[in-house]
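Only one chain is included here, represented as structure tokens and corresponding to the form predicted alone.
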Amino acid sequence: MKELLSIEGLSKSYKSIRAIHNLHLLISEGQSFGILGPNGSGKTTTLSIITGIIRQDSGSFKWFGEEPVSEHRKSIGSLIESPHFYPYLNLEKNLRIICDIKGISYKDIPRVLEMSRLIQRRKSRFSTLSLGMKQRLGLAAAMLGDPQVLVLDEPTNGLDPEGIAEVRELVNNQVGIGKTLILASHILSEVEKICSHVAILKKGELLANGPVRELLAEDEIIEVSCRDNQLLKRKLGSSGLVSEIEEENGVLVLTLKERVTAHEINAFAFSCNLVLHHMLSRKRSLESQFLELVKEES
């Protein structure tokens, strides 16, 4: 895949607060890329730098393999933090101002209002919109000019379930027609439902980076016990069947390696002359894995 955005050693501090530190990322064309992390992890700072809102202290980034120039802005639609519009102007007039800033024709306004399901409210003042509608108008503004890339910062933040579903549908439609998406969120389920790739940040540093299906895959976990749990633990530890073994309340909790089944664990124990008298299968939730990644060091 062709490189779209490369970030090399990006750092930014606000006085004594380190927002991001030595961040390296590579995003390819056509990816739906999530930047996931709790509040204060540096997500908004990262997006603000790559969209030219603020300047980094050190490091660099390139769009489309080139040093950032103003011409790139026509190919990038962004919504950073909350959308900002004039409350006393209607939707159409607010979007005309965005068109003037971007240097594009007003002819694209009906298209983005239709896509965001706001065409019937085009003559309504911004102040009369619900929170979900305001967020959809922000997305409409980002889509003006049919940009190749959408950079969105917490687009569902503060919305009710209906508003979240509407925004998610709109974003997924853009991904479906081949747009590159860079999405910052602290909500694990949103990244899982929208993104193909994810970078996980904590306190401005990159913890993990890769395909969602690999980083946030639901591991199968097996609880087992037998007459000699310590012997079983030693045998399983060298079996190549498990990636992790923990002891909880008199049972062994096994995280299975990919494609290993509970049946294979049972057969292995039997081959070691150990008969399992307890076996329970469960899934490790995506949320628990995310919390493990970002939890404080003990």
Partner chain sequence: MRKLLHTEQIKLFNYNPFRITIALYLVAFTLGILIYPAIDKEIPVISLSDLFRFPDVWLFLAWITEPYNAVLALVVIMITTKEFSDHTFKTQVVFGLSRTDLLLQKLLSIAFLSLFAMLLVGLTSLALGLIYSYKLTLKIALENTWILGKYLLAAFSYMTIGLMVALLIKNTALSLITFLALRVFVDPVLWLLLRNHEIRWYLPFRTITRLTPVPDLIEIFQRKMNSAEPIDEATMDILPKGLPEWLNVLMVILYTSLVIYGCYRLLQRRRFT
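All values reported here derive from a predicted model rather than from experimental measurement. Numbering follows the first chain given and starts at 1.
The next section is about a form of this same protein that is not shown, the form predicted in complex with the partner chain.
A.B. asks: Quick check for you: of 138-146, 199-207, 113-121, 163-171, which stretch puts a non-hydrogen atom within 4.5 Å of the partner chain in the predicted bound form?
C.D. replies: Selected stretch: 138-146.
A.B. asks: Taking heavy atoms only, is residue 40 within 4.5 angstroms of the partner chain in the predicted bound form?
C.D. replies: Contact check for residue 40: no, nothing within 4.5 Å of the partner chain in the predicted bound form.
A.B. asks: Would residue 128 show up as a contact with the partner chain in the predicted bound form if we use heavy atoms at 4.5 Å?
C.D. replies: So residue 128 does not count as contacting the partner chain.
A.B. asks: Is residue 98 close enough to the partner chain in the predicted bound form to count, meaning some heavy atom within 4.5 Å?
C.D. replies: Residue-level check for residue 98: yes, a contact with the partner chain.
A.B. asks: Can you tell me whether residue 52 touches the partner chain? I mean in the predicted bound form, with a 4.5 angstroms heavy atom cut-off.
C.D. replies: Residue 52: contacts the partner chain in the predicted bound form.
A.B. asks: Flag this candidate site as yes only if 81, 84 and 88 all have a heavy atom within 4.5 Å of the partner chain in the predicted bound form; otherwise mark no.
C.D. replies: Yes, the whole trio is in contact, each within 4.5 Å by some heavy atom.
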